[in-house]
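Heads up, the chain below is alone and in the form predicted alone; it's given as structure tokens.
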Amino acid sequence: MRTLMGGLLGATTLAAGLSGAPALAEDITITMAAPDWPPTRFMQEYADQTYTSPSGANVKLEIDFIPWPSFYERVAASLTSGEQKYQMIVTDSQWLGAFVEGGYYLNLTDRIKADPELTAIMQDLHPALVSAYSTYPHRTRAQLEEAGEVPAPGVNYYGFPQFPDTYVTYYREDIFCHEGEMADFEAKYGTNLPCTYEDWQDTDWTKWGQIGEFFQRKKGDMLAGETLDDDFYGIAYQAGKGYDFSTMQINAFIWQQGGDIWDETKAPEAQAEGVVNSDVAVAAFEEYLSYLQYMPPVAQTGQMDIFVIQDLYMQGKVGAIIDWVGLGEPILDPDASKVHDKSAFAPAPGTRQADGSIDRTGNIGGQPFVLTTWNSDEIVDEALNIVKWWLSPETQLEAVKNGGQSGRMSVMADPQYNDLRPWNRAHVEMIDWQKDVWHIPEFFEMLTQQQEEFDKAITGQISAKEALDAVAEFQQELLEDIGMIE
């Protein structure tokens, strides 16, 4: 087998020109960069087992699995080095601007418009995913829906969902549904301890804080009728300094309370100062910080990332966590998790509004996959055949059975969908609340500075207002320098 790297090689038939010998199908390898975790591991395994190209070529998908902590740096280094190693890339949505402007991600708009199958897929994807995963310059879900047609006129499309992710609540039924704990909680706070899925649908941040306070127990205390052999905590969510960990949770508080981050879709009029550090945003950040005291001590050290949260929960040290659906499968593994048979899943808490409803707006997770610009037409065709295979209803349902999620509305509406994995109902409910952070090429500079300031507040070095004032000042100056703010 020969490998086509970067579409540099053309078609070949080993037997071409040989008298009487039948032509052999072409051998093609599509190499894709991807983070190393269950949703991409399943894609490789299932492709090895089932994928055949409709073109007749012998096409193999070969995924280069990269550890999460170094994923961005490794992909960026590959793209900027000129090695043209990858034909496809699983990319965080906020990378779109940097790598489109760098000339690395292929604009698929004309391909989608010319291909009825791709058009049908795009029309069936949840609009929150199309907005976050595909458009550059970025278009909000509202802007896409106002267009009234898909593909929308004047919009450029780059990616398709490889794994659409949302954050949900993981919780221990054995303690949240324990009669004694429920009675004690109601006696102390005058409200119910959430036990059922419906209870969690009515859980806001105020109750989240009460849960944290209520379940903060010491070694030797009683919990659900058992004596604790270690300290126990009620709640945990992202408070990590690395990459985007704290931002992904803090944005939810800010959006839900009516604040905003810098809005790239309103450039050049959109301002950072006065918006990023508005009174509403400061109050929302203060509320986020107020619950850290009820979490395991690591939360106030800047190290509470999504994997630490998952591990603490699996060790049985936390009652309820907010984490990505993509990290759910190990929770159910009896070899890895002490709570594999005690866990249930529900929507993430949100901010109660004046009418009693709960706003759960949050930052979208997951990743799209994109094609690179150096591919030949032949490789682009084969890569898009892989996209069609991955997003076919049959493949999507198989992925969901194995811990994945679908972005296709028709698949999520399948009557069996919510029962395929225990977090699916919550994921389907949460996906409608998703928004995304900036897609502009300077996102990483903005994100890194913001994470630094958020971390200072999380670790108690500065106040919420001081942190947001510093973020707003930095973003204002940067965005004015590059002409994004007038």
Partner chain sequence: MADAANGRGGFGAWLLDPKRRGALLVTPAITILFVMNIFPLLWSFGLSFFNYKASSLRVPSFRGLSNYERVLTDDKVWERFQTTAIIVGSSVILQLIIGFLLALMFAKAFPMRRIVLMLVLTPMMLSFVSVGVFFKLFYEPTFGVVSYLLSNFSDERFVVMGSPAGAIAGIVIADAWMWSPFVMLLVLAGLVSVPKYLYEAAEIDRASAWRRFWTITFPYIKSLLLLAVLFRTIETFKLFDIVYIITEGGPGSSTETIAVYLYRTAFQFFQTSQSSALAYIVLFIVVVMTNLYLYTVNRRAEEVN
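Owing to the predicted nature of the structure, the values given are computational and were not obtained by experimental measurement. Residue numbers count along the first chain shown, from 1.
Separately, the form predicted together with its partner chain exists; it is not shown, and the next lines address it.
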Which of 26 to 34, 437 to 445, 58 to 66, 45 to 53 sits within 4.5 Å of its partner chain in the model of the complex, heavy atom basis:
437 to 445
Taking L228, Q416 and N418 together, does each of them reach its partner chain in the model of the complex with some heavy atom inside 4.5 Å?
no
So, Q315 and its partner chain: in the model of the complex, are they within 4.5 Å at any heavy atom pair?
yes
Taking its partner chain as it sits in the model of the complex, is G209 in contact with it (heavy atom to heavy atom, 4.5 Å or less)?
no
Would G234 sit within 4.5 Å of its partner chain in the model of the complex, counting heavy atoms only?
no
Would K218 count as a contact of its partner chain in the model of the complex, using a 4.5 angstroms cut-off between non-hydrogen atoms?
yes
Listed residue (D279, E149, D110, E73) with a non-hydrogen atom within 4.5 angstroms of its partner chain in the model of the complex
E73
The listed residue (R360, H178, K241, R172) that reaches within 4.5 Å of its partner chain in the model of the complex by any heavy atom is K241
Could you pull out the residues of 286 to 300 that have any heavy atom within 4.5 Å of its partner chain in the model of the complex?
P296, P297, V298, Q300
